[in-house]
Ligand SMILES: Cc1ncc(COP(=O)(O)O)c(C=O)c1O
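Starting off, we have a lone chain in the form predicted on its own, written out as structure tokens.
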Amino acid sequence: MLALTAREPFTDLDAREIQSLAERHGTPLFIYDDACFRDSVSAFLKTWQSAFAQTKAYLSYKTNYMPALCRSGHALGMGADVVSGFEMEHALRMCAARDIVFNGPLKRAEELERAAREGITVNIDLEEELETLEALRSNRRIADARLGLRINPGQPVFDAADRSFIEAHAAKQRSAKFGWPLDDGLARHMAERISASGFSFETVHAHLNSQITSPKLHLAALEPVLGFVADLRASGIEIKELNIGGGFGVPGMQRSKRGWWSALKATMGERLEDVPDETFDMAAFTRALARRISEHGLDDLCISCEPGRYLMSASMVLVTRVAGLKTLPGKRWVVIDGGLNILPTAAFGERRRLRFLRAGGELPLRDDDPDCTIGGPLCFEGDVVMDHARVPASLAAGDLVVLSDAGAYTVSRSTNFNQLRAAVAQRDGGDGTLVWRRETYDDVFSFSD
């Protein structure tokens, strides 16, 4: 199985380096390793390009739009996948317009006009978007537009021991907000509608979910997508690119896959099954996908994707400081100074690897160390970073807690609810160059009187 990177900052970072960066820049602090990110991109592109004759890869700006990271990704040949007008403007400053894809459920008229004029591919997710583009053409604001269609095969991509979770997941997949469903003819209707509009229509896009760890389920969900594209081409619609999205799972981090049945068992005092560590085998996935594409007679297609978390997750860690500990009947809390405002996807029950530091050295874990709940600094009950984590018995206020896999949906999804947004320091062999400064009072209260 192909490794994500040649090394990883979570283990590669020396405890003294972390301590020095925390003292210089304060906490909470993200540490970004550009070499690690570039290694991830290079390894991924090599695997992807070895499987398909024509291919593209787009950097997911919603996952992390930090300029330092974007510049590195684009320098290695990646395009940009954006889901908002301001991300589109950022991408236009970072890479060529024809290498940008505009996704998302909201595309304003002025944003659609800008995209059409620049030659950006727009994936239609609402019929009103197409109507707006037609009105812009009628008013001579645009001459043409490069369009794609986002579709939804409605297939499950997760497996779990808890069948109640699987049932809920399958239902959500079928009724997802994004894309046009295949099983009731809506996707076919929209494809014909776009084709009849006279705009350039060459791309089909299908992004299935996030943190998918089963290549088998991912491939099964893409099977009706391949059939749909083959049918469009047989009917005379010249699709040239199939974008399968992203959502490839990363190692070292797991999400809760439990439903009402697990909740009932826990209430009854039964022990819940441990969730095994899973890793998405990208090399095996691309080989199998290439075979299925060939079986559908689609070898001449450009096969593209927009991996976000898969490339970015390991390239950043979050350094936090222990504010205090609280031992209560039935629960022991460790409160740190970074919470869901800067690590929002922890709300999905994600389990990350942890390191504990004091005075530039590691605090080792022992088998008899206590199980704790790690809570953040926000003033609401849901600010739980990890519900169950073994921590050193000697952990105390002032010690550092380092969390792995902080490169995805952190900078781009941070908020200033209760706390200011965190800074990002890039490893440079010294005290770390700030590539994203810490938010200030003036940033938050910058409105006019």
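Computed from a predicted model, the values in this text were never measured in an experiment. Residue positions are given as counts along the sequence shown, with the first one as 1.
FYI, the form predicted in complex with this ligand isn't displayed, but the following is about it.
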item: Contact test in the predicted bound form: residue 40 vs this ligand, heavy atoms, 4.5 Å; value: no
item: 4.5 Å heavy atom contact, residue 246 to this ligand in the predicted bound form; value: yes
item: Non-hydrogen atom contact residue 211 with this ligand in the predicted bound form at 4.5 angstroms; value: yes
item: 4.5 Å heavy atom contact, residue 121 and this ligand in the predicted bound form; value: no
item: Location of this ligand contact in the predicted bound form, chosen stretch of 181-189, 303-311, 280-288, 338-346 [non-hydrogen atom, 4.5 Å]; value: 303-311
item: Heavy atom within 4.5 Å of this ligand in the predicted bound form - residue from 207, 355, 74, 352; value: 207
item: Stretch 54-76: residues contacting this ligand in the predicted bound form, 4.5 Å heavy atom cut-off; value: 60, 62, 63
